[in-house]
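Read on for two forms of one protein chain; each stands alone as structure tokens, with the labels structure 1 and structure 2.
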Structure 1
């Protein structure tokens, strides 16, 4: 029997009204972090949590570093380097605006770099710009850096959070109300709880296809609370989950997925090389031989980590495994301590930032040191404020422990001042040679030499590299699994339909 057309149309209409509509993908994200930054401007303070909120989300640089660790154009669309390595000419993008509507041009870029390298600069990486002698702006789209000496790592350094371009109008207020050129605009900061960002409708990169309208960074220090927030759905993702022992607990959760990636987080126990007993290399070597790195990794980070023998990671170019330079040997450690005049024992204090990996590692070290006659007193230290003030700035400590997150930062042992108080002319010469050449093969040879000097001289106890432990909703796509630079880049993050 034929169904009248009107009846059929009504039936289809009713069917379309009663059928469940397919939900559109979400356009918001709640992302968890274990540490709340003290400020939001990476050009005036060092803690990585600052960049993990604002780098590539709010602030951008002349160049950027992508998820594979490669240098990519950003506010500079191209560049040329003179054959002698002393002139860098950048062609800047046109029609780029800051979130407050201010235009970006070569004058703004020059002001940002002059601020970073100037006499009054508090930039945490001011050393990046030491080779820049002068900056020219021949026209609004051209920026020329004139160097006093070659700086083989300059282009890479310009991609770091500390090198982002800030407008002189907002430079003084960026700590609490950041204004950049990035795909997200700062909305508000509820201290002790969260930072909220919203999509920048006027973002210069029209090909970026930003999928998120809103991003919330929630700060949850306690690992158990992190886990509970993930399971309940209060937090969509923890790209750096703080409890390795809980990773397996998510395997039965159909909504969540886990990812273990590579990082630059080198866990080292730094020693104050300017004071006894650490002025004696025999003591430093003895302390290194007293530690079983594998046991430390098992106990401190649930066997999720890679032992290291120098301030370098297997992700870095020209890496060599130097863990056998001073392997675990408690009897040799005792002999060296006796030779150095500490046969009757040795005592000192370790200032431990209040983060789980540091506390656990220090406790295991305490037990191992006791086996060779060394008494280690543990002093919990609030991080970042007190630790930065006591250790990093004042260098008022015996030993400490922290994960160094900066990529390719082996040169910190040549910095003066730096909290290790380490002096080694041979190492300084190698680092100078690295910057004097742009030849990657020559640089790699020098990096191998630098690793070996540190492994032999042990200015710090080189322990392990922490992996990136990510836990997030299965439908969430685009988060970085690996971490060539500490970050939470949101420009490619989206929800699966």
Structure 2
């Protein structure tokens, strides 16, 4: 009866012999993306793919945004905001070096921010820095921003990819050879195919446990090819897989795991609020009530995605579910249209970008509108080139549909000019108040109010938030499930055997 014990100890002996070889986890990752970035400098171009490769990996900011959407210190270890909200004093970290060896100090930080807000700036979010009047550097470890008016979102904005700190020496070449302070160093870019990063041996944050030596971002546009690359193991992870209809095919694969989270991509059918019939709130409400968001998500995105009732996502602070303000009710929609004088029908055109979420949603909307007597003509509009020109710039459209990618951009309804042509003083006041206060609790209350105003006034038809369709190797840990800001942060990613 001692045999089992013997077998057990033998097994233990064998496993302890082979364990070291098995237990050594991999230190490299191949991460797939659907879109190749246009350049690698997030401070001079808008495409989110740039940040999804470089932000937090190559480049870092004064502050950062974590996986829960919270602001955290980064190159600034602490800060103080004066009671009037007009002076921000940052205490900067010491012993931080760029990948080329240049030191980081307050002079570099000031130069980076001045570049972003200066006359020659081509920063896509230059508006973030509008309130900044001047920047002081009393000593190498102190940076002081003087504001001309309070800017309650400034700290959050400083965490964005477009606000990362670059060195003046390498600023001009960052587009092709990014040099930052992050845990990974740019290695090479095979255009049309991949960007390779390697570990930064001199990373300043010794407490960070960087587990990867090498990271490859591969760009594969076609979902079918994305799927094949995942199944074959050519790619270890697709944090944003391209086709919801293929997600179920991964369930049978024991090696892969799926994680469906939320993005910041709000799919919204914008209307030209300065133009009849959209000037009439009854019409806008009727159109909203004519749409069944659940069926739209079902048909357009394989039932993956979260319906929204305002221009806000469940990721965002102080989110409230407002989908019940105008629930699906075709009868009510018909009577509202009749009341507004469109009992005999109404027809208009929707300008639709070629992306599949947009074309599919528009085709379903077309059918649903037809049920309440609204004829929707679909006009394919090439995105971005023609869409930006026609809809965004010239505002020559009735209705359009697009996913708004920027986090916390509810203020676009207060912007003038903006393509919705929407004017609502009550809403503008709320947005001004958000910037005027630095108190987070007060801001949260205001954001709730703002969401409600939009949900009731429907300046655009709020449809759904695109899901973040994550597919990756089961042994891979540390990738973000939700996406409070478009990114692929690698600092916590590791393999677990």
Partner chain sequence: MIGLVLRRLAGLVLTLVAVSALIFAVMNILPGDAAAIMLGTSASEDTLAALRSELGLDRPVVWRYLAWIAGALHGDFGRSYTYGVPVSELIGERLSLTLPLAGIALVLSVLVSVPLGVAAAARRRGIIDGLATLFAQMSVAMPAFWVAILLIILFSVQGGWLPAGGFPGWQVGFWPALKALILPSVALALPQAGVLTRVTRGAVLDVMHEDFARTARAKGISRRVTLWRHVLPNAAGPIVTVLGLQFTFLVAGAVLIENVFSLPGLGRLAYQALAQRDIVVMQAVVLLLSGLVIVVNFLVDLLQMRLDPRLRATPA
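Residue numbers count along the first chain shown, from 1. Worth saying up front: this structure is predicted, and the values here are computed from it rather than measured. Rigid core here is just the name for the largest C-alpha set that superposes within 1.5 Å across the two forms.
Of the two forms shown, the form predicted together with its partner chain is structure 2.
Of the listed residues 262, 170, 201, 317, only 262 lies at a hinge between rigid parts moving between structures 1 and 2; the rest are more than 12 positions from any hinge. Hinge motion between structures 1 and 2 is captured by two rigid parts, the smaller swinging by 19° against the larger on C-alpha superposition.
Per-residue C-alpha deviation between structures 1 and 2, core superposed: residue 331, 9.1 Å.
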